[in-house]
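As structure tokens, one chain now follows by itself in the form predicted on its own.
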């Protein structure tokens, strides 16, 4: 049996209860660590669960930054250097990833605080997470302020992508499960995944079938 909650019911929830309740409704979400640095080279690392695909040509994605009632070191660094990294989280270091959400001051690097390892690649000024198996170098494009709740949408373009060679299928599909990427739900629940199937491109008047690839 289902229990109904009206908008009035939800708005009457205690603040933290409401945040946990509403955050759980979106289902499983992408879990990443965003690496940044300021103009002095001070590194920062923060976990985000709002990353989403915007387009493939050019390759764009976005994520949401919460209201700036407290210092937003990640956003400040992105606006300062116009670039950052996105790093998938795996089961081997999800606890350290979670710890990056603590409110460290600007002079404390979450890399040092959690024991994760910063690594630099090519001309990217922002640090990658060495422990991550899928990494993206990104260029900041635009910040869109959302009036309704004071959040901001960050739009970025991919500059380079690093993935394990054996996780790339013949059709370009990246097997993130094979790479060890995990997901999350709500604010604090972490999950491994099991792929059910890949399905062929849907067409009208054609039965749904499993995708079969030829190498």
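Numbering follows the first chain given and starts at 1. On a predicted model such as this, the values are computed, not experimentally measured, just so you know.
There is another form of this protein, the form predicted together with another copy of the chain, and it is not shown here; the text below is about that form.
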Does residue 38 reach another copy of the chain in the predicted complex if we count a contact as any heavy atom within 4.5 Å? no
When the contact criterion is heavy atoms within 4.5 Å, does residue 111 count as touching another copy of the chain in the predicted complex? no
Answer with yes or no whether residue 136 is in contact with another copy of the chain in the predicted complex, where contact means some heavy atom within 4.5 Å. yes
Taking another copy of the chain as it sits in the predicted complex, is residue 145 in contact with it (heavy atom to heavy atom, 4.5 Å or less)? yes
Which residues in 16 to 31 have a heavy atom within 4.5 Å of another copy of the chain in the predicted complex? 16, 17, 18, 19, 20, 21, 22, 23, 24, 25, 26, 27, 28, 29, 30
